[in-house]
Ligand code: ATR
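So this first bit is one chain, no partners, the form predicted on its own, shown in structure tokens.
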Amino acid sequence: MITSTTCLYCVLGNPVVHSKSPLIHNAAFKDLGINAVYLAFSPENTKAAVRTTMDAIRTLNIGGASVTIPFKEVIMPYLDRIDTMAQTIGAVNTIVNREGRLTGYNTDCEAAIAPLRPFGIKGKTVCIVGAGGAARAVAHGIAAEGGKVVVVNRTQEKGRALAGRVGGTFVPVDRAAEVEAQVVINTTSLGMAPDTQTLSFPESALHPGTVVMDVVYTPMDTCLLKTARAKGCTTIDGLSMFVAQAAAQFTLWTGQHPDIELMKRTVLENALGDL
């Protein structure tokens, strides 16, 4: 039951209707007996709207927020403090509110790299599709593990900037088919519901043995992953990263560790329509 003492948390994104974050965080709150509720908000993608949203978090004493596309970078100037890791990456996916002071963190980086480590990263050419907030976290993690980063992006300015930031190289999207990579990671929203048939990376550049990861988790079996498996690639869906980054957020907000298996089950039980 929601009362005046119930703590509010939220996800900020646009679009955000597809997000499973409310499902898993509310399940974790209930499991641990925490009097809190987590909702989805979709502010307009303007500076004025972002500023107003940050003010609202302070005014309404919202305990924390998850941040997704397209706000991971643009919210940073409106925070009171940014964690060193998030500052280095240049993107925030988590906000913690402590008595009106908003601190930004990034839990995407470790969550994205962990599923890739068993396949090896050091010395491998890793193609990252996209140059937004998620791409920044992934690129930072790959570079830190000794991988060779290749950024493919529609906007050349952003793509070149990210590649330069991590000592990688940039390839325009119209030359993506020329990329020869051992690992391919889609960090864009391409292939996400409702546009599930959109392929984020050329089929001709996928070869047997390539490890292909998609951060999109709605649907979990994206067009990219289906195509990659048909070409003999090893695939990694977005569920592991999604749950891992969410669990880390939950701990930052509450100081407690949620049941990760409960979070995974919650997503799977509510994703049947996406499969």
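Residue indices: 1-based, along the sequence shown. It should be emphasised that the depicted structure is a prediction, and the values quoted were computed from it without experimental measurement.
Separately, the form predicted together with the named molecule exists; it is not shown, and the next lines address it.
Student: Going by heavy atoms within 4.5 Å, which of 164 to 172, 113 to 121, 74 to 82, 128 to 136 lines up against the named molecule in the predicted complex?
Tutor: That would be stretch 128 to 136.
Student: Looking at 143, 190, 96, 176, which has any heavy atom no more than 4.5 Å from the named molecule in the predicted complex?
Tutor: Exactly one listed residue reaches within 4.5 Å, namely 190.
Student: With a 4.5 Å heavy atom cut-off, would you call residue 155 a contact of the named molecule in the predicted complex?
Tutor: Judged by the heavy-atom cut-off of 4.5 Å, residue 155 is in contact with the named molecule in the predicted complex.
Student: Under a 4.5 Å heavy atom criterion, is residue 32 part of the interface with the named molecule in the predicted complex?
Tutor: Close contact is absent here: in the predicted complex, residue 32 is far from the named molecule, nothing within 4.5 Å, heavy atoms only.
Student: I'd like to know if residue 69 sits close to the named molecule in the predicted complex, meaning any non-hydrogen atom pair within 4.5 angstroms.
Tutor: Looking in the predicted complex, residue contacts with the named molecule include residue 69, since a heavy atom lies within 4.5 Å.
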